[in-house]
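Single chain ahead, written as structure tokens, the form predicted alone.
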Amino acid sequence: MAKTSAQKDEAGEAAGTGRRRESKEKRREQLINATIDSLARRGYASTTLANVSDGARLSRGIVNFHFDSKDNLLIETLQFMSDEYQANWKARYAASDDDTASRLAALVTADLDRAICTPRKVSAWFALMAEAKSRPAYQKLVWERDARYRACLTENCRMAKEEADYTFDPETVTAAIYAMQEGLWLRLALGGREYRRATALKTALEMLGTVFPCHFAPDGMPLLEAHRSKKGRRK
């Protein structure tokens, strides 16, 4: 059946609205990526709405339309990076095999995934973290990001302890792993080309082999029979 003029007008209006919405989201993402670039190159204090608009190759009026202040722009950038971080580890976790070793490997190595572990993103993250102490909004976003991840990691550390009769405290191990991950990111941010993501990944994997010897080989590869307890293996 042929469409009436009214139906065509309505379809055209809907398509136009969709394109405008897509264009708006695209511009917001352009500005956020330009902010990440600026934070990585200039740091927090020297990042301005002006150099963000120049980096995005958009007019300053568009920047003001989307973000009416530097603080709002940086909060949105931190939210974007936090959402991206959470989506990455959750996807890696969901795609892993259902044994504890594979899940732990997915969680621990997610921080070093190419999708989020790039020099510019790591540098931008630390630039924002340096301001978190005096900015409650930043602290809230960081806490929400960390809380979900750490809860999942602690649960899997607890499962590993039950399966292999380890003597460690799951929350202490979680804290140690988290500290290692932050340390590796800091090395990546400060080391430049002298410290590579592959080196950091090797460190993280070997840590798994050391802390969970019944679940991982020394090089961090998950053991196929990791569900068997340590006591069971000794019999």
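Note that this is a predicted model, so its numbers are computed, not measured. All residue numbers refer to positions in the sequence shown, first residue = 1.
Keep in mind that the form predicted in complex with a further copy of the same chain is not shown, yet the notes after this line are about it.
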Quick check for you: of 96-104, 109-117, 155-163, 138-146, which stretch puts a non-hydrogen atom within 4.5 Å of a further copy of the same chain in the model of the complex? 138-146
Each of 172, 180 and 207 near a further copy of the same chain in the model of the complex, meaning some heavy atom within 4.5 Å? yes
Even though the partner isn't displayed, in the model of the complex is residue 150 close enough to a further copy of the same chain, meaning a heavy atom within 4.5 Å? yes
May I ask you to check whether residue 91 falls inside a 4.5 Å heavy atom distance of a further copy of the same chain in the model of the complex? no
Though only this chain appears here, would residue 46 touch a further copy of the same chain in the model of the complex if you measure heavy atom gaps against 4.5 Å? yes
Considering only heavy atoms, tell me if residue 184 and a further copy of the same chain come within 4.5 Å of each other in the model of the complex. yes
Contact check, 193-212 vs a further copy of the same chain in the model of the complex, heavy atom within 4.5 Å, ordered by sequence, gives 194, 195, 202, 203, 206, 207, 209, 210, 211
